[in-house]
Structure formats: structure tokens, C-alpha cells
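Only one chain comes next, encoded as C-alpha cells, the form predicted on its own.
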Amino acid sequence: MAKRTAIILLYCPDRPGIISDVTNFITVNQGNIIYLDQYVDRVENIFFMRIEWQLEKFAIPEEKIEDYFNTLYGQKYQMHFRLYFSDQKPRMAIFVSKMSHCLYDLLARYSAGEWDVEVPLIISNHEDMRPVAQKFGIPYFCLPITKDNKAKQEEIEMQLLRDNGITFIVLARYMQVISEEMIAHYRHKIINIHHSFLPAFIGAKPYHAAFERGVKIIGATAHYITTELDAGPIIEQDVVRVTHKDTIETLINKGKDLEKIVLSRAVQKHIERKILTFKNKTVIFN
């Protein structure tokens, strides 16, 4: 069984001594560092770091680590940091509408044990995906949304998220705009997936428009959502080539395959606590 670890993700203005102080904090207190990655944005002069260490012999009680670290180094270096423990599994809510490809992929990876995560519930605005949820034994909540009941239904959604201790949300082709309140509550914790034709091919039929335009590549983008639609920090992207032989149907199928892969990569990085956001960009640690 893997030993329990602590993880700190941090960023701050770059200056000498940060790595030395952070690693010294761990080693002096008998922690065994098992992961360290860092990056300096030389344009912004910002230092980014992810460090993980074993807690087996660590001298500081885990409930005091955050306070000690902040007092000793957080304030000194003007750090923004988050502390995680390996045995505290992220709790993921999945939002879905009528398309099943991303939902099936997420649930297959979850039930196969690929991800160290819990999935307490699935929320939808349609009944279509209930049989999928039932196959995997996950509670399914259908909350149809209209312009007249949207605010009330989102209150119910927020209560469900609170009741189930949800730490992040994945929009598996959920075709509703998320409220500013939910975005603020789950800042940089709501992952969306969409085709990468935006903003060129907007609307309900982007692959039809791309087919008419004769594109040679199609792509997918996974990102954290913000109040500016489809403009949040990008986590993962990929493309696949297409040719004149492709039909609208093959474009759609290739797009679905790519969406599944790109979304799963983004979700995995989030679960592993390997993403830092700064302004409207992400730093993704290996």
C-alpha cells in the first residue's frame, strides 16, 4: 500500500531561496520528498512549484502543516499555495445532457480503477443518460432547465453538490450555461470539453460548418470555465487530421473520440493535483 503523502502547489514572485527554504522545511522535519517540479515564468517573473513528500515520519502534525508553512514561508515569499493529502480523494460530480460518449469514457475509467476519485452523483437536464448511470450504480438527478426555472434548479444543484461534498465538476457535454454563483464557488474546479473550432464555427452544428469549409484538422479543448464563455484557462488540447474523403459523420465520430481523450487527460491531471492556474493560463506539471 502506498504511503500517505502531502502535496503543496504554489506560486509566488520569483526570488532566490524559494526551493531551498521549501525543501528544507520538509527535510528538517523528517519528510521524504518523492516529487519536485518547478517552473519560472520569466516574462511575469513568477515561480511555480509542486512538491510531494511522505508523511510517515513527518514531525509536524498534519492539521498544523498549513499554518506552519504559511507562517514560515508563505508570508515571506507572498505565496499562493494549496495543501492536499493523498488519502483525501477528490469528489467529482458529472454534468451531462444527451450525448453519451464522454460520460461513458469517464465512468469506464472510474470503474476500472484508473483514477483515485469518487463519483457520488450525476446531474442532467434530461432523462436520456439515466440508464448509463444505473449501469454504473451512480445516483442520477434529472433537473430539467428552462428560462423560467433555471435559478431554482441551480439552487437544487448547488445543494446536491454541498450535500455530497463535491470538490470539482466535469461537464461531459452538458449543454447549459453555468451560473456565475456556481463558477465562483467552484473557481478553477469546473472542467468543460468542446470542439476546438471556436470561435470560427459557432452554433449547434460546428462539424457541418467545418465540413463545408473543407478543414484539414479538427480538435478538442478541455478548460476550466469562467464567466466568459469558453474562454477559461486551457488544460488540454489535441487535434486529428482529416481529408477530403471524410464525411460529416466521420468528422463527428473523430471529434467524439478526440473529446473523450482530451477530457480524460484534463480530468486526470486535476485528480493528481498537477495543475496551477495563473491569470488565464495553466501550468501543468508532469
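In case it trips you up, residue 1 is the first one in the sequence shown, and so on. Quick caveat: nothing in here was measured; it's all calculated off a predicted structure.
One more form of this protein should be noted, the form predicted in complex with another copy of the chain, which is absent from this view; the next part is about it.
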property	result
Partner-contacting position among R109, K76, R91, H80 - heavy atom within 4.5 Å of another copy of the chain in the predicted bound form	R109
Contact of T5 with another copy of the chain in the predicted bound form (heavy atom, 4.5 Å)	no
Partner contact for Y35 in the predicted bound form: another copy of the chain, 4.5 angstroms, heavy atom	yes
4.5 angstroms heavy atom contact with another copy of the chain in the predicted bound form for N164	no
Contact of G214 with another copy of the chain in the predicted bound form (heavy atom, 4.5 Å)	yes
Another copy of the chain in the predicted bound form: contacting segment from 149-157, 119-127, 173-181, 132-140, heavy atom within 4.5 Å	132-140
Contacts with another copy of the chain in the predicted bound form - residues in 247-272 whose heavy atoms fall within 4.5 Å	K256, D257, K260, I261, R265
